[in-house]
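Listed next as structure tokens is one chain, alone, in the form predicted alone.
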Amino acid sequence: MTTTQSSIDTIYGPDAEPNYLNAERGLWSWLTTLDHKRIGIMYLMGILGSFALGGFAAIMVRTEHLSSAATAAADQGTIMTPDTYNSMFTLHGAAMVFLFIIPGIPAALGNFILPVLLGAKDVAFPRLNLMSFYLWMGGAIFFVMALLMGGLDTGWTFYTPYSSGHSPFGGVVPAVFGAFVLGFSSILTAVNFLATMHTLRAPGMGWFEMPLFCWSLYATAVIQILATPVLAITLLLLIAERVLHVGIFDPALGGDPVLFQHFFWFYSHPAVYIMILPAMGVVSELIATYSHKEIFGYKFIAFSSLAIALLGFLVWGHHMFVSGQSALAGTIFSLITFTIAIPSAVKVFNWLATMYKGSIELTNGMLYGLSFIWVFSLGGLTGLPLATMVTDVHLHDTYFVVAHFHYVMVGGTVFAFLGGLHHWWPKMFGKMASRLGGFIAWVLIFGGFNLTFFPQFLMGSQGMPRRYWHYQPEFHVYHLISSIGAYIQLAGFITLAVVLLQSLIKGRKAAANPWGGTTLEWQTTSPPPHLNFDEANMPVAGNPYDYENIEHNADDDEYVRTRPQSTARSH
């Protein structure tokens, strides 16, 4: 029961100034905590564990694709059978999407930093916040049960009829129920965030004094509340069909598999923006802070988040161009898909305008922010052929789709998550990570990512189908390069883990404001006290991006404000 606190005392010393880490003692104090910061840390640990599980499955898939043409011709695998391969790519997709990418930034970084950004003591409903964490843990446990009960081979989308077999036994039912439980966790977190932003903003913080990360979480929460129940109902119907043999989606029982696609993608395309909108919010904070310049076009970026949330509900049909839907429906979905690129482009252009003539500091956080802009832009541009019916017919279910999805979701969300982790790591743990070690990790991750997925655009455009155990000889060199890139990424993530863990043990103490940030979290200590701010010095909000009177104090290696924060924005 005292192991957790003993570790904290070892890192910070028993006489460290009071903060949320040493405010209470013992493991039980963590398991029953109502402190949003501790809940965010527990989410972070679970989410990183899920990332490791999904990453392991990805490495297994890439290792299997090292097969030469000779072994493929002999119908021999590199390290696994076809059934094991199907289970591995399903595990990779399900763990990454449901356990890492969707909850990653809101649940871990958002839970920790949102109330501090607002100048609040906690979220609006602390007990609901703890409940949402345990629901996430429950959903993760059901996924583990699915592995122990024979695994999954349906793909992360649970497409019928693959997931609608007549036997209720196996891993499908617990995995689907786990996703159902995770949906409740997502909804409760969204309700909490909306209530917090509506009711607990600091004095002087109107809607247009909120940091842009808050706007992105607001738009994300709206999507979670409106779209997640559709997925929940769909998954319950899938379980009922498998257990009770009721014909809903399975054509063998008189069901319609295309109906499942409509239900699933009505949630899952908005879910793309559940994944990407928080990442965009993080990047807005990174670009402004490390350019040391007021964000350009604040209201345009804020309202573009809401526009993406709204339009995201109207484009699910572009996943179904080859499902037999009418040409008119396909045309409408195609046009709306092109339209949703506009608010995303607004963000990118405004980030570039913010950096123009800024005093750019290439910290590790900024490197991941710049990586996000490059990778997300390339992912968005490669989405245009997929939004065009005539080219999508050729590219559908090829490695082009795999590369596009990873450039948008993984290259986007993961890079933003890592950038936010570097950015707020000193605030979360009060320790500075190695700049050199973090830079080496970034080089490996960014280089390995592009080496992994860019060749997949090429083989996909040449017709290489995804999810195949083996492939034709002409694709071998692409798979070889892609697998080498995956191993380089693995080396980068291991390096990053070592750097961050080492910072907890040997890292120098972080100042309250080590980066020159202007939002409210940099006005409290690192790590923050139990109630976020000193009772005698509660913050008063102003322009969240006022960099006019921020100066660096070389003696303490800390940025300090020499004059009160402005209440007006120049843009």
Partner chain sequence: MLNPTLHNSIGAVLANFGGRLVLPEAESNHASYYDGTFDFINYVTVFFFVAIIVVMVWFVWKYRRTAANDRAADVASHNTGLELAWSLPPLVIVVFMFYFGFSGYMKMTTIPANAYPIDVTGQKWKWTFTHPNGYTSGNLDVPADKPVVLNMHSNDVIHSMYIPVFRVKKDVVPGRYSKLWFIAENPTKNADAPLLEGDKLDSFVREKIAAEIVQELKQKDPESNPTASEDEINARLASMKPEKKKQYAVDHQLEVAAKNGHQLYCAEFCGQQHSVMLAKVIVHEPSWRAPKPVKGTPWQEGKKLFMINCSSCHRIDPSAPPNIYPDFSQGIMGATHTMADGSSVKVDENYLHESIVNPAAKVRQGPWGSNTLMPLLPLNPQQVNELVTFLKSPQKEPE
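Values in this document were obtained by computation on a predicted structure and should not be read as measured data. Numbering follows the first chain given and starts at 1.
What follows is about the form predicted in complex with the partner chain, which we do not show.
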query	finding
Non-hydrogen atom contact Glu241 with the partner chain in the model of the complex at 4.5 angstroms	no
Exercise: His394 in contact with the partner chain in the model of the complex, heavy atom 4.5 Å	yes
Any non-hydrogen atom of Ile373 within 4.5 angstroms of the partner chain in the model of the complex	yes
4.5 Å heavy atom contact, Phe266 and the partner chain in the model of the complex	no
Answer range among 194-202, 430-438, 410-418, 146-154 for contact with the partner chain, defined in the model of the complex as heavy atoms within 4.5 Å	146-154
Heavy atom within 4.5 Å of the partner chain in the model of the complex - residue from Phe142, Phe133, Tyr478, Phe493	Tyr478
Sole residue of Thr234, Ser482, Gln261, Thr228 within 4.5 Å of the partner chain in the model of the complex, by heavy atom	Gln261
Non-hydrogen atom within 4.5 angstroms of the partner chain in the model of the complex for each of Pro82, Phe321 and Gln462	yes
Residues of 416-445 having any heavy atom within 4.5 Å of the partner chain in the model of the complex, listed in sequence order	none
